[in-house]
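Just the one chain here, laid out as C-alpha cells, in the form predicted alone.
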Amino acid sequence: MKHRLLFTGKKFFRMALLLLGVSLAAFLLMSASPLDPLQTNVGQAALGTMSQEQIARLEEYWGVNEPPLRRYLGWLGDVIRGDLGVSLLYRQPVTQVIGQRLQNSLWLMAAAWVLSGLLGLTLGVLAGARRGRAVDKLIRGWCLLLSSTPAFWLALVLLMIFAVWLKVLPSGLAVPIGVDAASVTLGDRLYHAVLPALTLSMTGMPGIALHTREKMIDVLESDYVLFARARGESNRSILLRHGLRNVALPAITLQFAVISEIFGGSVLVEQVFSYPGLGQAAVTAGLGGDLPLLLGITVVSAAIVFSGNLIADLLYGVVDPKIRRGAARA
C-alpha cells in the first residue's frame, strides 16, 4: 500500500509540472499570435468610430498593453488560489463556462472512448487470430485507411451520408432546434451525439486494433500456446484463456492513451457538427483572443488526459500480478 501511495504522489508531482509547462506553452503561443483581439471581436469599422478613451478602455479590458510576463504570473497566482479568471468573451467565470461545455463534451467523448476500445480490441483480436486471411487483410486495410484520414474530413463524409443523403441522423448541434432546455431528453442528446461520437471513435480505434493484432500474433506464436495446442485445447479456449489475458495489459494502455487523441479530434469534429462542447469553446477562445478561457480549457484538458494515463498505470497491478509484486519489492 505504501508503494502505491508513493507512486501516486510522484505522478501527481509530475502532473503539476506538466500542467505548468502546458499552460506556459499555450500562453506563449497566444502571445505570439498575429490576431488582434480588438479587431477580431470589435471590428476595424467600429474601432474607427470610437474615441481614444474608449479604445484605451478596451485595450485595458483585453490586456493588450500589459507585459506578457505580468499577465502570465497574474493568471498563475489566481490559479494557485483556485480562480481560473473570467472569460473575456462570455463575461462569465471560466470554471462556469468550462463546466457547461464539458458537460456536453463528456457525453460525446465517453461514448467515443468506449466505442473505440470495444471496436479496436475486437477487430485486433479477430485480425490476429485470422492472420494472413481475408478478414485480417480487410481489417488492416480499413485501419490503415482510417489512420491516414483527417478527422474533419471523415466527419464531413459521415455528415453527407447520414444527414444529407439518408436523412436518418441530425446534421449538428447537441439538442433539437427550437426545443426548450427543460424538455430535452436523454434520447435527444444521444441521438445528436451519434455522428460526432462515431467520428471520434474512428480516430483512436485503428491504433488499438493494429497494436492488439500484433500482440495477439506474438501470443499465438508463443511456446505456451504451442503446448496448449498439443494438449488438445480448442482455438476458442486458447483465445479466451491465453490470448485475451495477454493482450489485456497493452489494450488498457492504448485505451487510456486514446483519451488524448479524442480530445484533439473533438476540436475539429465539434466544429464540423456545430456541437457546443469544450473543443468548440477552445476554438472560439483561440480565435477571439480569450486568454483566460483558453488557458483554463488547456489546463483542464491536460489534467483529464494525465488522469487517464494515471488510471492506466494503477490498473497495471490489477491486471498483471507480476507488476504488482515487482512494485512491492521496489
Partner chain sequence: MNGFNRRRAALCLLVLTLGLLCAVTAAGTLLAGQAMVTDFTRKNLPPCVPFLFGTDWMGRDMLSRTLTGLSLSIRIGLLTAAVSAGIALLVGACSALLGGWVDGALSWFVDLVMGIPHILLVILISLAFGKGFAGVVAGVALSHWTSLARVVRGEVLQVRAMPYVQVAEKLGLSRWAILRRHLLPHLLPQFLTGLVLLFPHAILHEASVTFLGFGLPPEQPAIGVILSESMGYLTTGKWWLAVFPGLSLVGVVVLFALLADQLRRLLDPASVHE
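For clarity, every value in this text was computed on a predicted model and none was experimentally measured. Positions refer to the first chain, counted from 1.
If you look for the form predicted together with its partner chain, you will not find it shown, but the lines that follow are about it.
Residues with any non-hydrogen atom within 4.5 angstroms of its partner chain in the model of the complex fall in just one of 192 to 200, 156 to 164, 243 to 251, 90 to 98: 156 to 164. Note on the partner interface in the model of the complex: the residue among Leu76, Leu106, Leu144, Val114 having a heavy atom within 4.5 angstroms of its partner chain is Leu144. Although its partner chain is omitted here, in the model of the complex all of Ser260, Gly286 and Leu294 have a heavy atom within 4.5 Å of it. Though the partner is left out of this view, Gly264 does reach within 4.5 Å of its partner chain in the model of the complex, counting heavy atoms only. Not displayed here, its partner chain is approached by Val22 to within 4.5 Å at the level of heavy atoms in the model of the complex. Although the partner is absent here, Leu58 lies well away from its partner chain in the model of the complex, with no heavy atom inside 4.5 Å. Residue contact check for Leu18: one or more of its heavy atoms lie within 4.5 Å of its partner chain in the model of the complex.
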